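As structure tokens, the next two blocks hold two forms of the same chain, structure 1 and structure 2.
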Structure 1
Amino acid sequence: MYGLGILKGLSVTMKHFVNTYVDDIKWGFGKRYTPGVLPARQSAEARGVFTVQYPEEVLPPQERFRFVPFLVYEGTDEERQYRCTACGICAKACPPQCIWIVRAKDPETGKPLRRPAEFYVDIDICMNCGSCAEYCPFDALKMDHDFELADHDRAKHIYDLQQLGQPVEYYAKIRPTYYAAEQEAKAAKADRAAKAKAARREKK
């Protein structure tokens, strides 16, 4: 019969229509914007159509999510000790070359120091590829989760050391597994070093 195919298709549409409301009831009317409900509504178990009401609802980013790098520092906001040694690997690896680094110099001898005097990232050029964080040998530079960077003034989009810096606690918060693995590796290294020292002392 002509039109049967269309009716068959419409039954699918009907099912989705109903399921969307069933899902809504299941995950709770009114609870829409509460965190925790969103992942469930967006999961493989959800049956209806799931649309996120951005900006009221924001999907939580995955741990590996990457958007514009930041520089990790230890210590307080006033006394920032950046992990960065100004080795320049990130600037070399960056595909669109949007990282600029000025290495600090000893004011008396003029010798280069292992820290940056200035550090810039042009976030308009940055393609969020993550290469800089991937190849940084000192775990000094990581990719951020904050993607709401729109601004009226493009001149503000060249981030300097001040804007790029984030405390190590922030890093631990957004990338817990990576941070934990790093701490473990550090502890293991310190342990090995201590043992080696002890062994050397014994030999003497």
Structure 2
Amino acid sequence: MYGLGILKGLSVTMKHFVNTYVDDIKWGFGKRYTPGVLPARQSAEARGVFTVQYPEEVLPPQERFRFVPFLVYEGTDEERQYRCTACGICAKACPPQCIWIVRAKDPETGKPLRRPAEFYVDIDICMNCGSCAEYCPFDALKMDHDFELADHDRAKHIYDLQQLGQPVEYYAKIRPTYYAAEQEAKAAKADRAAKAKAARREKK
């Protein structure tokens, strides 16, 4: 009544405006979105501005964040050993059907090999659901954090085997918790296999 609502709204705006500079002094100018400060700024006790001025300011993605998939390989960039066996489970599990795989064949016998000759993902069709990575039995597909993929050329949005490949070190960097859990599970599996083998030897 009589403009009190407008004044009340302006007071809230002014409060956030002042608190923005108070927080900047508290955390240090330019450190608003660093990993150490983010938990406090994203909590219920956060004060000041909440808007991110993208692309000048870019929030670091959370570990669980997922965008288009990538293929994990081991070894050097020149001699890539992809984990993918071209089984096709990811292509079958993909809801929008954006994955195409061509299995490699032995040049002499013509028999199929346990590796892909070609692997394509149409990132314009991909809905980033993560089903391909979830159903992959070989931990060969993982979800990336890179979301700045805009381009004027439509053809560049169909990623091939070379573009999709990322070293296992990259995966360990962006998803350290998941990587550590996988390594622990693999170590436990190897330990069980070694114990079973030792038990069989004792019986003989």
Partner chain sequence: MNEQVAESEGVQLDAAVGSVEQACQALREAFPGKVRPDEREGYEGVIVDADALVSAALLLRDELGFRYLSSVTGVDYANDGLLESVYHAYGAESGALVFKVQVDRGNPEVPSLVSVWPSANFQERESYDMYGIRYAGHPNLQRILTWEGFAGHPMRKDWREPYYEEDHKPFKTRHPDGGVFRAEDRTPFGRNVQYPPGFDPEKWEDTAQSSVYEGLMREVKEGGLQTECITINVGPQHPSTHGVLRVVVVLDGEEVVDLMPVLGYLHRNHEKIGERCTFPQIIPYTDRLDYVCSMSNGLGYVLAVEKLVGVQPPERAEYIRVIMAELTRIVNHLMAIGFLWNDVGAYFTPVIYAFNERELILDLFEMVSGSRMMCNYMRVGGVFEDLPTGWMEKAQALVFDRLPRFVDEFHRLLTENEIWRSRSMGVGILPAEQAVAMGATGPLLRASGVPYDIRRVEPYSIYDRFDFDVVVRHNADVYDRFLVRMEEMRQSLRILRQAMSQIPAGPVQTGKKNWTIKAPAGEVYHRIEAPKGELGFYLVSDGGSNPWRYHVRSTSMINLTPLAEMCRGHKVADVVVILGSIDITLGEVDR
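Take the two forms, superpose them, and find the largest set of C-alpha atoms that agree within 1.5 Å; that set is the rigid core. Residues are numbered by position in structure 1's sequence, first residue being 1. Predicted model only: the values in this text are computed from it and were never measured.
- The first of the two standalone chains is derived from the form predicted together with the partner chain.
- Once both forms are fitted on their rigid core, the CA atom of S43 lies 2 Å or more apart between the two structures.
- After superposing the rigid core, the C-alpha of Q183 moves by less than 2 Å between the two structures.
- Relative to the superposed core, A193 undergoes a Cα shift smaller than 2 Å between the two structures.
- Its Cα shifted by 3.8 Å, V12 is compared between the two structures on a rigid core fit.
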